[in-house]
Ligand code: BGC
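The chain below stands alone and is given as structure tokens, in the form predicted on its own.
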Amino acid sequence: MLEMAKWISFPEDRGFEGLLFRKRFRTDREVRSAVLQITAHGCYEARLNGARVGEFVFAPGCTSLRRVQVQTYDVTKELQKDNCLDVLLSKGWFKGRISWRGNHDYPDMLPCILAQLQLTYADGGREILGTDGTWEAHPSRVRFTDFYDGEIYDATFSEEEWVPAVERDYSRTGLVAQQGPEVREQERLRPIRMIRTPKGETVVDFGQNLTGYFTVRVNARAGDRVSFSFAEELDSDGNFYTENYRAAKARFEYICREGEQEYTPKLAFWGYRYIRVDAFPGCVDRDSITAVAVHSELRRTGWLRSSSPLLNQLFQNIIWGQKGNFLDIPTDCPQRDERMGWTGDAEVFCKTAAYNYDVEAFFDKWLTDLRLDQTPDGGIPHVIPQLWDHSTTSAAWGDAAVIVPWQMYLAYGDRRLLARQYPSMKGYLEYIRTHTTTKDLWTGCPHFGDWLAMDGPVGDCKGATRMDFIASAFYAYSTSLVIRIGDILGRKTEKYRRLYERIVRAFRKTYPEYTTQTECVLALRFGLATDPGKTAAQLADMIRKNGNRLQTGFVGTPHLLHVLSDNGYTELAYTLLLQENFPSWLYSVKRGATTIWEHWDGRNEKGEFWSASMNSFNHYAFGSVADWVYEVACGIRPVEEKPGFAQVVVEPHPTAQLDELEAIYDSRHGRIRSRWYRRDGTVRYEITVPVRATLVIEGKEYRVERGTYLF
């Protein structure tokens, strides 16, 4: 791959400048086709004769440092007689501030590109132009660019003094064809209002927290400046609030040329709803700025709709949270100095993600990086790709190695993903076995706990659920999945069956009682409770005594409503879903949220913010509740023996607390629709299935073929 090209870089490290590489060439013969293959250590934007090559934003994407994706573009239509191929390069994920914590495999490697253009002529001849020392290099008009800190662009900067690019003998190991979906521009949003804050600042409100950049239009004199800052929230006084961005400067500056001009940032993105106009020549108005939402190219497959406006807004918030955080990797948040592929966030949300969008290729790429970055002893780093030096493993976070492939199998039915990841899963179980202080349990290690649960001390993040309880419960669950997956693949699983039996016995002996909502939830969900009926009643009593409100965090929340409905408390599950008082999903909606908050109390009832040290307002984890709406409230779920929705069960569970609820899911086999609504004192059901299905209506089973059914 790219055999005729050499890595090229600038002669020296230019800090955070955008670097421009150029190749001029002439084609005197008729060209039948022109194909560009290109990649980079860094992020690039390629242009041929001024036209952007492809739609991939932030190419070549974020991967393990052990590999780099190569993109292939057909550029035949852009070719002329005299040609100029430009490649703009930034440090991106490779060596930007976003990876500063990383233990880099390549400490001395400069940002660089590798490319070759293959020309096929009408007479059958071929020519290949590869990157080499004949290319020229120059600092670009992008004077500064970094994912955390933003971008500075100088339209007056002269690009005249070119120097030869330097050939580098960097390793070519790890070059792979593009695996994941491309990141692209998706939607454009106009401002909904212009605000004059109490401090006298001009703020543009787009009405939606989003991830991406913008286009700015201005009529200016040469040297005039445009300067923006970004925020998700206004404070309780209505002023611009940026403290939760932490050390990310998240700024933009544009130095104007003469006349009317338009600019869209090249290699930086922000998470924001509001833009503060710090400098702008002339009058800024709603026509001056357009927001550009950016995320991975994913096909929408799921829709939820109800008779409750607040619930509908929650559904929209979940969608926007997924869009904003599925930017090549499943990031935790898009705005502050983080934006990492946290394993715990991906693990709790992956099932909901697979209902909302077709994410098979997205997670296929990410799981490849998880396997590559897994430590030799089987541990799973906290973030994947491992751009940070987090080599320790936490329960529920590391379990993404098992749970995410399993959920992708149920959603899409591809055994090949299970087979590829199976050694990684076994390695993870081996890591637990060799890193515990108690045989057949997981004890004595640091963990994140029930992250952001409400039952811990004020200001604490880990909640009150015992760490070893969580770790041992997930040890049991992941072992049970390895057994099921091994059986599907035809592998020997006797060792894991014996291990699972020992874990369950040890767990029940060590933890005969449960002290938190999450402990009840995990014991029930993972089949560890000795008396499920008693444990479910205890959980229901805990919730009611807490004013029909949850206390769970990242670990307990994804399973909470499932456990209640599985054990006869579906109405209580609906009560939690529709709860408007703090803490609840609809509390943030009533506070004006347009995405999912990181904290239940990201902003309290007084309008005060949680600590700025960790308070994202676009964090999708608690949006995992949507999979309960799809699977239980509307009743759409796959059949494990016929994965990928080759067969379907639809068992809706209506409630008197709503007048109507509908779910639509476009499976690989066609559209599944489940709607129930109230009319004339009865509940009516409308169900469409594209394959053989089992419909369960108020306890009665119906075996049906494809079609639409009314009850």
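Please read these numbers as outputs of a predicted model, since none were measured by experiment. Heads up: residue numbers just count along the shown sequence, starting at 1.
One more form of this protein should be noted, the form predicted in complex with this ligand, which is absent from this view; the next part is about it.
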Please name which of the stretches 424 to 432, 274 to 282, 115 to 123, 447 to 455 has residues with heavy atoms lying within 4.5 Å of this ligand in the predicted complex. 447 to 455
Answer with yes or no whether residue 78 is in contact with this ligand in the predicted complex, where contact means some heavy atom within 4.5 Å. no
Heavy atom of residue 338 within 4.5 Å of this ligand in the predicted complex: yes
Residue-level question: is residue 295 within 4.5 Å of this ligand in the predicted complex, judged on heavy atoms? no
Using heavy atoms and a 4.5 Å limit, would one call residue 269 a contact residue for this ligand in the predicted complex? no
What I'd like checked is whether 332, 342 and 554 together line this ligand in the predicted complex, meaning each has a non-hydrogen atom within 4.5 Å of it. yes
Among 367, 319, 614, 166, which has at least one heavy atom within 4.5 Å of this ligand in the predicted complex? 614
Please identify the residue among 147, 326, 397, 252 with any heavy atom within 4.5 Å of this ligand in the predicted complex. 397
Contacts with this ligand in the predicted complex, stretch 618 to 636 (heavy atom within 4.5 Å): 619
